[in-house]
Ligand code: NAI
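The chain below stands alone and is given as structure tokens, in the form predicted on its own.
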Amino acid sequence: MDVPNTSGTSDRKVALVTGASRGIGRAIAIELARVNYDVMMNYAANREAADEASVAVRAASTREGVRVATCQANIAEASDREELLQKTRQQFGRLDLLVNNAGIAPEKRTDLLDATVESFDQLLDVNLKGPYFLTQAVARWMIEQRTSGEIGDYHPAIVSITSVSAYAASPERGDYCVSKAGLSMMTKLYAARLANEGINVYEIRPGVIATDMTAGVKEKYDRLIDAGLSPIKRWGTPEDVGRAVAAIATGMFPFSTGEVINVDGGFHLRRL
């Protein structure tokens, strides 16, 4: 579902969403279309899911002529990251919002004392190294767009989707926790570096969200939620996260950067 190449710079805002074929990424892309963004949807392997998601994104837009494209890329690979940005430039001519959403869970939950180097490397490559260097490349492009003056009223932003696992210890999936904690720090680093460049950077921290990733532990979390895991006693939805991204995309937080937006039903609250 690629759109034709464009020439020049459009006046329509463009978002790049990684891991956009399913779950949270798909919902983010849909919500961005609803607030009149054109969307480049990155996916790792499942072309069929990406095509289905792109149809849903087009249907969500209220604007005639919305542009949606898909691009297969493994963000852990430098060559794939470069190709993803090249295709975004070619097809849209600009970029206003990067959403670092792509991420993976361990293939199996393993006690910390039995964890493997292979799993650790895989998770850190996809969940942290990929977003770290994709953000670097996007930031350079955004600075280029600002200094060129070709885009009027240009207020770019970068959003990373982390997890309550950035601070809540789960010893049976330590590699995942470490990767999300690193992504949280990445947000602070880029927020500090890019503030003077007019680029705001945000972290959205989901809690227990109903996706493919959590399907295998549904019974466990059903019990925990019922027992009061979070003040709001329900599962979160991908749409909950998507709406938070849309709020940032529409400029609702112009005087905030490095901010953590919890989408967790209040899980982060400490209660006595």
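Residue numbers here begin at 1 and follow the sequence given. Keep in mind the model is a prediction, meaning the values are calculated, not measured.
The following text describes the form predicted in complex with the named molecule, which does not appear among the structures shown.
**Q** Partner absent here, but in the predicted complex, which of 138-146, 112-120, 184-192, 161-169 has residues with a heavy atom within 4.5 Å of the named molecule?
**A** Checking each option against the 4.5 Å cut-off leaves 161-169.
**Q** Tell me, which of Ile151, Val126, Ala157, Leu95 has a heavy atom within 4.5 angstroms of the named molecule in the predicted complex?
**A** It is Val126 that has a heavy atom within 4.5 Å of the partner.
**Q** Would Pro206 show up as a contact with the named molecule in the predicted complex if we use heavy atoms at 4.5 Å?
**A** Output for Pro206 is yes: heavy atoms within 4.5 Å of the named molecule.
**Q** Thr214 near the named molecule in the predicted complex, any heavy atom under 4.5 Å?
**A** It does: once the named molecule is placed as it appears in the predicted complex, Thr214 has a heavy atom within 4.5 Å of it.
**Q** Using 4.5 Å between non-hydrogen atoms, is Ala44 touching the named molecule in the predicted complex?
**A** Heavy-atom contact with the named molecule at 4.5 Å: present for Ala44.
**Q** Is Ile104 a contact residue for the named molecule in the predicted complex, using a 4.5 Å heavy atom cut-off?
**A** Within the cut-off, so yes.
**Q** Is it the case that Thr88, Tyr202 and Ala246 all touch the named molecule in the predicted complex, with a non-hydrogen atom of each within 4.5 angstroms?
**A** Per the other structure, none of Thr88, Tyr202 and Ala246 touch the named molecule.
**Q** Scan 51-79 and note down the residues that get a heavy atom within 4.5 Å of the named molecule in the predicted complex; none is a fine answer too.
**A** Stretch hits, in order: Ala73, Asn74, Ile75, Ala76.
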